[in-house]
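Two separate entries follow, structure 1 and structure 2, each one form of the same protein chain as structure tokens.
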Structure 1
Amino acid sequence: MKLRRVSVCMIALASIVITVAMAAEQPKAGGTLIFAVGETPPSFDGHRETTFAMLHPLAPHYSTLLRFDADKYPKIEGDVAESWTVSRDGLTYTFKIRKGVKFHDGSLLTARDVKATYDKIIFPPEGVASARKAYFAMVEKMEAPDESTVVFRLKWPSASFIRQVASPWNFIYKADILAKDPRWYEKNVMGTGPFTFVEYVPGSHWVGKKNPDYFVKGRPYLDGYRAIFIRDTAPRVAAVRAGQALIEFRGFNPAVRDDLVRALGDKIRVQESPWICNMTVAINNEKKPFDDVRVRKALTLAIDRWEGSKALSQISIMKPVGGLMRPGSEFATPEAELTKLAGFGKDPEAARKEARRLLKEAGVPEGFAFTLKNRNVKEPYEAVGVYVIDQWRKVGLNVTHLPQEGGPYFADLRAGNYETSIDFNCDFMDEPDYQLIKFISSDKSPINYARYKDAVLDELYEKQSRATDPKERLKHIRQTEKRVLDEQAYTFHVLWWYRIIPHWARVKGWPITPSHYLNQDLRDVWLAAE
């Protein structure tokens, strides 16, 4: 009896604590969010650009058809779409568009605008670039039967389609503007998002202010925002530390996090998440001796990823060990299974011995010299380059590091003008269609730089992409992974990235997601009192 009273008491107390906490967390309207961005946007067109430097300042001006629910990633919810239905055969998607959504010029958004937007993305007119068009190969056509309905008809059932229309890149544009000039959006802004455009001083800053007509009532909380562009890491960190910028949305390394926490204590809040980005070693399968699977396998066996994770996670943004899908995602291979793949085992000495044996068998002499090309970006590129070279040295390989500027780096990768190279990949969501496309035959995938052709992988990719049963899909993914990383060792991941956002605790309502492309419209963000 006594016990019960205590517990009742505790419950009562707990609920008080919770309500107090809730009260403290009541969003407060007003204020301007200042955040730092590490690059400058090229054009303003989300459909053509591929850099976060475009998304971070511009996403608050726009809406998308669906969006990811940042609190419950990877759950999706409607943005300008109120609801949607899928036909039984998985070939027809029908979206109901919200009523009363207004562009910043006051005009109403209709299904016609959505259709025009997706026409530009999937079937761009001559002379208009669309960066992610290839991912929509399953779409046959769109229709807008009435003002508030958009229908997508697919050629085949697709596992990824519904999440693709939640892509943060697919800003909804105005049909009338696109009809007049499909490239208008490269230099101008006109959306339906929570903030309207105020000013952009190229290279310096970008300013947006609250859209009073935003279709979600009571949002946004902020009066406005200001993105300041700070290219170099040191001043960017300094700006956050001095409070000139309250947050930077891409991420800092662990040392910066520690410094900020030490200097500012509880004024800083740290949010962390595994990141849908990874570092890869690309191997030129056309060059000798890398055309020999034994040599390639030795190269991956020589890398101790678990030790690397421990070391590099202290000095860089790399951390999780994973296969082709992000560790922690619904598609990831469990650790027990992962450790069976070449180079992912937990016995580095045995792996190195095996690597030496394979090299010897393939006729590669001790001290064999080759080059590792890289991008001249200190982190994480050069950090992982230094690590990989050090690991290869341990199996008797003498590797020269060649960091290059972006221009020659990409040109060489594309042209196959390299022996081995550090490569990378970043996507906005966990989606096998995105993460696996790098590994289909290089004549089919412009981002497969490893120069091999493999009909088995091409077939597996298609199968998984069209699989309607999640279990079956997973099976194809596992097979792909085993073939790429282990059996053929065409090219392989080293480590996945780990996203760390240390920001001023005043910034509320911004939960971290596994991608720096997501959740950037700032509509739920608010500022607590200083």
Structure 2
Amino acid sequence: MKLRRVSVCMIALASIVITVAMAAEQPKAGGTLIFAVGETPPSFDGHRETTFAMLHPLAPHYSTLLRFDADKYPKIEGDVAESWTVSRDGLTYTFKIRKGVKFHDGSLLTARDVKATYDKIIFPPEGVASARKAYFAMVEKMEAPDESTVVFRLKWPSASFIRQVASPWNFIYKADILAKDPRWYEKNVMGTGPFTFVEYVPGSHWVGKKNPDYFVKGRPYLDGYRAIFIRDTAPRVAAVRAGQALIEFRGFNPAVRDDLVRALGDKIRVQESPWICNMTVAINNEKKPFDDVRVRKALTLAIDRWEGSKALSQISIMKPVGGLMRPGSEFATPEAELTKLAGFGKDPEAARKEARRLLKEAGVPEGFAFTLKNRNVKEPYEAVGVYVIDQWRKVGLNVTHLPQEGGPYFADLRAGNYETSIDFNCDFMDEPDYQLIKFISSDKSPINYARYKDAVLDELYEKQSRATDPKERLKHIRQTEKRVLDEQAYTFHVLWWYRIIPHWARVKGWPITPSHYLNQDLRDVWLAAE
């Protein structure tokens, strides 16, 4: 055990030293980066999809209006926008577009392309899916008064607008293509990013090559990249160990990290970070007895999250205990307040005693049986499901675990065909508009699978979104958290994720961030000599 603790400490220290050293090294041009991806893209459209399986292979082909600076996260910088200004009343944002930016077909990007892109995202035509339409509810309209200017006019001042614009999903598309077929990008690629498209072989690989006309001088360093699709974790780890893939950008658990470090020694590097992802328990509020707040509260009280963190952090990417906002973020609830919420206290026996009392009061018999549905993904879904069921058995519940393939799993959540289910919430930034939208009424949020309606939560969401005073915004966030997790226990978090990226030491210029959606255009990545 002492050796293991020393090993983990050495890994953490090495990660810090490596991050500092990376900044001092001089980039070298050339080479092809090979990386592993755990799933294949459902489509190629960044405006429609929500999975890393699309973003990781496709992001290098595209630019966005703004972007997060990976070296100084969460600082925002321009991408195709060279500058922007905001009116005094916070209702008008004016972006100046860089001149000379070219699409991969050689045509010039103008403000018209940016406007057409955001028209598709915010005001999609019938039959076109936009996963982020709701996040831009504050936008009244966009204008392109000339070739280098885009103006966004808002209905109300928004604390999150500029960060929404920096979303890595907001690929800039060509206006002429969208005018002919707004769904063209679901099956085709045409961007202004650092790499051009070469080929895609479904189930096998995706290839991109260096864009010689990329607008950032001297970038990219790589000659190209190759994403190889490997669904199962074990062969994906084996590919990294053998050097068939130099990195996997989503993350591995501590056991894999330690195994790779032992096997590869100084050929491997490890970067670690908090992660804006969490595992939740979705409860179908429309089904008995889960329509009773006493039953839902008993379910959350039964789970010892602090012990769960100790156990699951050794075998999975689960680690931090937290509420609706990521632990450690500027919006996080202090531990002293968090432990007052149902299920987050540090006296598990007292909590389980109260859970049994509530179940009995609600008329739920000892040994009551129901099903916990889950996604058939071992890391981290199945581990969390097994733990939650073990916790519920300690208050006399008899729960069956039912892992499902991705298609049926998501279909059942959306249709309400479940009693309880393991769910997740992942975002690219610490932003209450993103993290809290899951908890407003189900008729307003398509990702609220718990199927409840609550006008109080809807009002609180709008208040926090429009608040320009940070203290006022925090007040509304805390009220939202208490109502969701404690007073009504509609649905609740289990643990947050913790990101661990072991990669070959040859991979340079890629600093880890708290999101596996960010820093994936590969423009600053380079390969050192073997």
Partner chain sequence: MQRYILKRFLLMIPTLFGVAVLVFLLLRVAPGDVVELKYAGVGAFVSKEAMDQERAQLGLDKPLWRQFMDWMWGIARFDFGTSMWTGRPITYEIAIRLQLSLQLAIMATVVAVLLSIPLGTIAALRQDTWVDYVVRVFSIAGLAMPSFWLGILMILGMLIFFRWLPPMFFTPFWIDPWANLSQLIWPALAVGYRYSAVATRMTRSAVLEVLREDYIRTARAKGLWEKLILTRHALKNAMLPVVTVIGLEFAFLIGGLVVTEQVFNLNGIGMLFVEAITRRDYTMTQALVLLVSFSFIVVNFVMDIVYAWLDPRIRYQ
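So that the term is clear: the rigid core is the largest set of C-alpha atoms that superpose within 1.5 Å between two forms. Being a predicted model, the structure only gives us computed values, none of them experimental. Residue indices: 1-based, along structure 1.
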remark   = Between structures 1 and 2, the form predicted in complex with the partner chain is number 1
note = The rigid-body motion between structure 1 and structure 2 pivots at a hinge, and of 251, 194, 299, 276 that hinge residue is 276
Hinge rotation between structure 1 and structure 2 - smaller rigid part turning relative to the larger, in degrees = 11
request  = Using the rigid core as the frame, report the C-alpha movement of residue 303 between structure 1 and structure 2, one decimal, in Å.
outcome  = 2.5
ask   = How much does the C-alpha of residue 356 move between structure 1 and structure 2, in Å, given a rigid core overlay?
value = 4.8
